[in-house]
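Coming up is one lone chain in structure tokens, specifically the form predicted on its own.
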């Protein structure tokens, strides 16, 4: 016999967990996750940096709101989620100018070298700095969302891959793992598998594309100080930041992939180490660990948030790309308001909803 809920969320990453916490206590909710562990895929492989100057205008607005919400939380908590950590772009004049946006401002070559002495001074000619960027304690944020949701009665079921979903009457019936669910609303927060869930549900897919992004923690001869900004090449060929006495590095690749448990390609990390040992004085000695995550995007790079006009009760919460954590709290606030019917036409949230809805219809082919 199927269990009845107002909302069933499919996907236990940052998107699904943050929405579960936002809906907790306001309606009956179940969250189902295919893996045995929550946040198993992309959400456990985040760069853990919230950058308000990163991404399209709508994403930047959502990032600013997320930072506001997390700052309010930190003001009342013993352990913070946010840690101030700037974000710096380096490259040639034209590329830095083209990529800089929002809260980022130009700084001189000397200022950039003072902020990150590990740079080879001949490796760049221009730089931009976002001082409003923060490091994010992603595991703490994920765990807090889980605790908030479960404390308010949300049922979280892991190891339950959705194998069937259909619209029946005024609601939905899902089969996940060995269990059945009935609900008025199904939230598609399945990440790289979002289009697959749509097909299972008889809903037209959106053409969401997962992209690979590899990272590694490396041991270095010359560690970065905690105050060093996260540094990114303006041409998207690498980024790095301090990770204690180690350094997190990434080739910042955007390689199309199918939905999978992605692994680093042989040679990718080694090639990046050779490059960074040329453009910096880090002196990378060895790799501690490496991983690859999938950043799933719509054709225009904007998150997809809202009800499907052609499938009543089917709610998209997908396509967050590389902006999952930095937009998560604001998107959860918006999504909860849309699901509960609480968005007012006069509120800032409704204007964001209109922007996202307009984009959402434009990407359906």
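Residue numbers count along the first chain shown, from 1. Everything numeric in this text was worked out from a predicted model, so none of it was measured.
Form predicted in complex with a small molecule: not shown, discussed below.
Though the partner is left out of this view, residue 213 does reach within 4.5 Å of the small molecule in the predicted complex, counting heavy atoms only. Interface residue remark: residue 30 is not counted as part of the site for the small molecule in the predicted complex, having no heavy atom within 4.5 Å. Using a 4.5 angstroms limit between non-hydrogen atoms, residue 275 is distant from the small molecule in the predicted complex. Among residues of the shown chain, residue 19 is not one whose heavy atoms approach the small molecule to within 4.5 Å in the predicted complex. Candidate site formed by 41, 46 and 322: every one of these residues places a non-hydrogen atom within 4.5 angstroms of the small molecule in the predicted complex. This chain appears without its partner; in the predicted complex, the one residue of 81, 129, 160, 126 with a heavy atom within 4.5 Å of the small molecule is 160.
This chain appears without its partner; in the predicted complex, the one residue of 186, 189, 208, 232 with a heavy atom within 4.5 Å of the small molecule is 189. Contact annotation: the small molecule lies within 4.5 Å of heavy atoms from the stretch 48 to 56 in the predicted complex, the single such stretch among 48 to 56, 22 to 30, 330 to 338, 298 to 306.
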